[in-house]
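Below you will find one chain, with nothing else, as structure tokens; this is the form predicted on its own, and questions on how it binds or moves follow later.
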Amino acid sequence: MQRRYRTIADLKQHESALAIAVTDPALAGKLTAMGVLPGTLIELVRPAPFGNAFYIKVDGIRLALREEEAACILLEL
């Protein structure tokens, strides 16, 4: 069975998925400091009104990520 990976942009509002990896090494440290670790449940609270950012919830903390940052986080279904 082949694994399917998604990004935050693929989630629907209030849908959750497990973080698997961060694909951009330059952002990995920043996202890790914000609590985005492999195995962490990430919920899409809502996309920003103009679609250039996402509001997510990680361990009960709400974060805002730019579209480019959110695209670097791989999620597993």
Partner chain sequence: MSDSGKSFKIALLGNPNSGKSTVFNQLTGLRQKTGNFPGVTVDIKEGRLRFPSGLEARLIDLPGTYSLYPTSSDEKIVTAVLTNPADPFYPDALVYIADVTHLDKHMLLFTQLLDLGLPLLLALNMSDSAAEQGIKVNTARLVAQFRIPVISISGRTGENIQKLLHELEKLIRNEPDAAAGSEMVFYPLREQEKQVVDAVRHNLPIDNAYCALLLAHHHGWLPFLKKQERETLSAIVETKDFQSLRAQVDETLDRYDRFTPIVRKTIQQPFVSGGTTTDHIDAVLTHRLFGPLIFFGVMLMVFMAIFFGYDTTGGWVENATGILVDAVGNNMADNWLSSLLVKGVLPGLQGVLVFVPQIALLFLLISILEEVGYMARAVFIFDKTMRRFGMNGRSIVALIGGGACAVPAIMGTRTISNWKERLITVMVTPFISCSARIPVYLVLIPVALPLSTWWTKALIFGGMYFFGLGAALGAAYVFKKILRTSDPSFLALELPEYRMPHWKNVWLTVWEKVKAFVAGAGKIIFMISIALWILGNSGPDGALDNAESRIRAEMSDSLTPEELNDRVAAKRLEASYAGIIGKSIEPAIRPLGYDWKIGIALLSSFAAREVFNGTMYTIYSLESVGAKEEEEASNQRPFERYGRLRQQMTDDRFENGDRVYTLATGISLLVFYALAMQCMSTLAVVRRETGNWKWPIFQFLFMSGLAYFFAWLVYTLLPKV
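Numbering follows the first chain given and starts at 1. Keep in mind the model is a prediction, meaning the values are calculated, not measured.
Keep in mind the form predicted together with its partner chain is missing from the figure; the text below concerns it.
Trainee: Even though its partner chain is not shown here, does Leu65 get within 4.5 Å of it in the model of the complex, heavy atoms only?
Mentor: Taking the distances in the model of the complex, the answer for Leu65 is yes, it comes within 4.5 Å of its partner chain.
Trainee: Can you work out whether Ile42 and its partner chain are in contact in the model of the complex, taking contact to mean some heavy atom pair no more than 4.5 Å apart?
Mentor: Ile42: no, not in contact with its partner chain in the model of the complex.
Trainee: So in the model of the complex, is its partner chain close enough to Val58 to count as touching (4.5 Å, heavy atoms)?
Mentor: Yes - in the model of the complex, heavy atoms of Val58 and its partner chain come within 4.5 Å of each other.
Trainee: State yes or no: in the model of the complex, is some non-hydrogen atom of Ala9 no more than 4.5 angstroms from a non-hydrogen atom of its partner chain?
Mentor: Because no heavy atom of Ala9 falls inside 4.5 Å of its partner chain in the model of the complex, the answer is no.
Trainee: Can you tell me which residues in 33-71 come within 4.5 angstroms of its partner chain in the model of the complex, by heavy atoms?
Mentor: Heavy-atom contacts within 4.5 Å come from Ala33, Met34, Gly35, Leu37, Pro38, Thr40, Arg46, Pro47, Ala48, Pro49, Phe50, Gly51, Asn52, Ala53, Phe54, Tyr55, Lys57, Val58, Asp59, Gly60, Ile61, Arg62, Leu63, Ala64, Leu65, Arg66, Glu68, Glu69.
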